[in-house]
Structure formats: structure tokens, C-alpha cells
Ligand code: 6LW
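So this first bit is one chain, no partners, the form predicted on its own, shown in C-alpha cells.
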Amino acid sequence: MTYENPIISGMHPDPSICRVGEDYYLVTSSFEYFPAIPIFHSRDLVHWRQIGHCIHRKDQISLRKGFPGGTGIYAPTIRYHEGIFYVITTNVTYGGEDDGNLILWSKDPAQGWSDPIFVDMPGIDPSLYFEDGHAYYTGAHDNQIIFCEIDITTGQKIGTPRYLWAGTGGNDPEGPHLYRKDGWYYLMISEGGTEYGHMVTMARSRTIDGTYESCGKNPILSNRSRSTAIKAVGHADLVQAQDGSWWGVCLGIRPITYPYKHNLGRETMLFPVAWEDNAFPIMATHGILEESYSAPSFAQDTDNTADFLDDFSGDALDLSWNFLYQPEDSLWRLGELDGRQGLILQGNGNPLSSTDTVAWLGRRQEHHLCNATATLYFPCADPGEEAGMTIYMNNRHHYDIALIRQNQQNYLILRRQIGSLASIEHMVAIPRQEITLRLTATKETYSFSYSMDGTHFLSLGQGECDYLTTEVGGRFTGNYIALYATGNGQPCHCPALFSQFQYQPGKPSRQ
């Protein structure tokens, strides 16, 4: 049995992993999106199911607004110690509220997490290592890896912090993790920045706070300067399986064009690790990450479908949905509108181009080839009111299909915003208040269409994928497919109701 990378597709960067018996748990970065820090569970390392979020209550933490793709939750690490799961992470707010490193804990990761315990240590990308009743912190600070024992219950440091290693000379040494094997402490980090020169390097020491000697074969994992389909490989974590084998997870990207650009964000990859006695490990294929590998011996031959259908009939949102920042309760609800059941968005005055809270609910685009449809009921009455579906990289880079009100008539529009340039490129009159919207994605284009009866679709236009890529207009996040409503300067008089949303990966539909 083989598996294909990524094992978790779409924007799931900076993966960290731990094992408890025969169960595996994995977390990733989430930046300004809420709920934050998605947590996944697996029994075989290949097939993963999201079971919750570590930050799931609005009062747990404050996420900074105004810096799309650059603030929020960075690089969590998950560890299990004496019956408790710990996640340590950084909330980047550029000096705003709740800035800094923090710890969350849970006895059952699917049932909720603690309030944050802030850690009295600087830097980003924190990690935890437990040994003999002690808890040790490592993180990235001042272009080095900083280390200190901490009190896991209070976050206070014990003793004096010291620097362990500055890496091999690549920029931004970060993402540290400590492991012990064969009497050695191994310190694994990433260098080169989270772009195309990204790499994983390693050093080791006989004592946890001693002098760390660099591996002579560094980088031990990197796809830089390689003609591989997966690029920018880095930020890894290791785990030993129940059969004694070792595995690693890391981030990587899958460019869609040349010169290289990517639109799905950084995704989670899995690779085998081989250790020889008293030696540094061999990662993946002699340090190069491939698209496919033989699965673990205990892997399950199951087919995880990525098809997703949501009629919003439950009393809670599916775990795959996110808000921008903490949601305002006045902007959304699940319920009934004019005899229709679904997701109700009450638009405020903030347009999609705003860096403030918008009536917006999105889920990651997880495949280059996919279709997303949404049925919208929007009895708009006032000029400026708008509701629809968007393919959204950030507030300055998105394409939208939406119902609007103008000259006492409903219109369906296709808008593209690329940086400071925004244009309504197509507009058709719509003699009704309910319509089905569709987005079709390929590696080249995002195409938009609509249907009056939910079956027969008419084209509204398309836009190039290139302009919704990290290299053109992004930073650390990937594209979302989102439902939204806005009054474009004034609160909406009428709410918008979405009665059904469907996401289907694979070959795009034809009209």
C-alpha cells in the first residue's frame, strides 16, 4: 500500500505530531482564522480526521486584526505527558493584546482545551520537551534557538535561558524540536525561510543544554533546487510509531505554474525516517521529499472521500468552517429565514476589502481541481447590499460572485480584486431572490457560473489563479472558499441565507 502527499491538503502549515498508544494527534498553524489550531486524529498516519480546535472559545484569546496573513497563531507543537496533552504556540499580535507564547492543555483533545497559560519566554515557534519531571522550552529568538526549563503550570522560567544553536547559516532558524535517542539529544530546526530555500537541519549533544554539533550532511531534508512537484519543504516534527518505525511530518507547497506560484497554502506531508545506531537520521528519500511512499505497516486501506455537503441543519457548524478573527454573534446564526433553513449572515458595513470583521464564513480550498456550489436566498432591498461566494486569499486578493441591489433591480456580479485594483467585470439582471452559485477551480482559472433551478448553469466569467497566490499577493495563508454578506458601508437591511454548500474535488464540472 502506498500513500500520496499531502496527507492533509489545503492550508495546514507547520505540522506537529504526537502518539498516545496507537492514536496519533496532529496540529497546524491557523493565523487569523477562528476557531484556531485545528487538531486531527489518525490511527495509521495516512488517514486523518479533524476532531476539534485547541482555541475554540472566543474568550480564550484575542486575534489581532489588520494584518492579513501575518498575525495570529504561529507554529504550534503538541506533546503528551502523564495523561495530559499540551499545545504550545505563539500568538503574533505585533504588540497587541495576548501577544506572545502560550500553553493550552487538555485531557481529551476532542472535548475542549484550557485557557492559555502565557510563557515567560521570548520568540516564536515554541516547543516542549519533557524528561525526568522537568519541562523544557525551545523557541526561535534573535536568529538562534533559545532554551530554558519552565514551570508547565505557570509558564514561568526556571533558571537562566541560554542559546543552543544558530543553525548552519540559513536565514530564520526556527521551528525547533528536541528528541532523545541512543544517549544523544537531537535538535531539529528549519532554516532558509518558509519559501523555496526552506530546509530542515539537525545538531546533537550528549547533554540537553550542552554544545550542539551540526550534522555533516545538513540539510537533512530539503527540496530546494530540485525539480520535484513538492517544494519549500521544511518545518518538520518526528514521531516513533507503535511498530518501532519512525516518521516525520513537514510542510510543503505544490506550485501551479511557472514561474512558481502556489494558491493552496503550505500543506502537511508525511515521510519515512531511518535511524542507524549512534547516527543522525535519514529523512525521506536521502533528504528529498517525494510525492508518494510505502505506507506504514499498520496503515488501513480505506478511502477517505473529500466530498463535503452541508445544509446547515444542525445546531453547530462543521469543524472545517472558519471565521476571520473571532466572530461577532450578531453577524451569523443557524436558523430559519422566510421558511428556509440554513446559515444566516447579517452583513455589517465592512466590505470584503476591509481588514476588520466581516460577515464571512469560509473553508479551505484543499484541491487544485474542485467545484464549490452554494444556494443563496437574499431578499435584498437597499442599494449597496451584497451577498455571495468568494475565493479569498486575503482582503486585497479575491474573486467574488454575488447578488446585489441596484436601480431597484437584483443583479448577479462577478468582481475581481487584485491588490488595489477592483472591478465588476460581469453583471446580469436576476429576476429572483434565490440562486445557486458555483465556483470551478483548475490550476489555471477560477470560473464562476449560476443556476436558477440548481441544475442548468450559465457562465458568468473567470479569473486567473496566478493573482490569488502567495507569490503575488499573500503571505502565510492559502485560499479559502467563503460565503459572505456586506452592506458596503452600511449594515445590511436584510440577512442572507445559504441553504446548502457543496465542495467536490476532482475533475471540474462541464456546463
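Since we're looking at a predicted model, the values are computed, not measured. Numbering starts at 1 and runs along the sequence shown.
There is another form of the same protein, the form predicted in complex with ligand 6LW; it is not shown, and what comes next is about it.
**Report entry** Residue among F34, Y484, F476, F40 with a heavy atom within 4.5 Å of ligand 6LW in the predicted complex
**Finding:** Selected residue: F476.
Requested in this report: Heavy atom within 4.5 Å of ligand 6LW in the predicted complex: which of E174, D400, E386, E267 fits that? Just give me the one.
Outcome: If I apply the 4.5 Å criterion carefully, the residue I get is E174.
Requested in this report: Please state whether every one of the three residues I7, K231 and C250 places a non-hydrogen atom within 4.5 angstroms of ligand 6LW in the predicted complex.
Outcome: The answer is no; none of I7, K231 and C250 reaches ligand 6LW.
Query raised in the report: For the chain shown here without its partner, which stretch in 309 to 317, 328 to 336, 121 to 129, 219 to 227 has non-hydrogen atoms within 4.5 angstroms of ligand 6LW in the predicted complex?
Result: Careful reading of the contacts points to 121 to 129.
Query raised in the report: So in the predicted complex, does A75 come within 4.5 Å of ligand 6LW, heavy atom to heavy atom?
Result: Answer yes; at least one heavy atom of A75 falls within 4.5 Å of ligand 6LW in the predicted complex.
Query raised in the report: T194 near ligand 6LW in the predicted complex, any heavy atom under 4.5 Å?
Result: T194: contacts ligand 6LW in the predicted complex.
Query raised in the report: Quick one: which residues from 14 to 53 get a non-hydrogen atom within 4.5 Å of ligand 6LW in the predicted complex?
Result: Result: D14, S29, F31.
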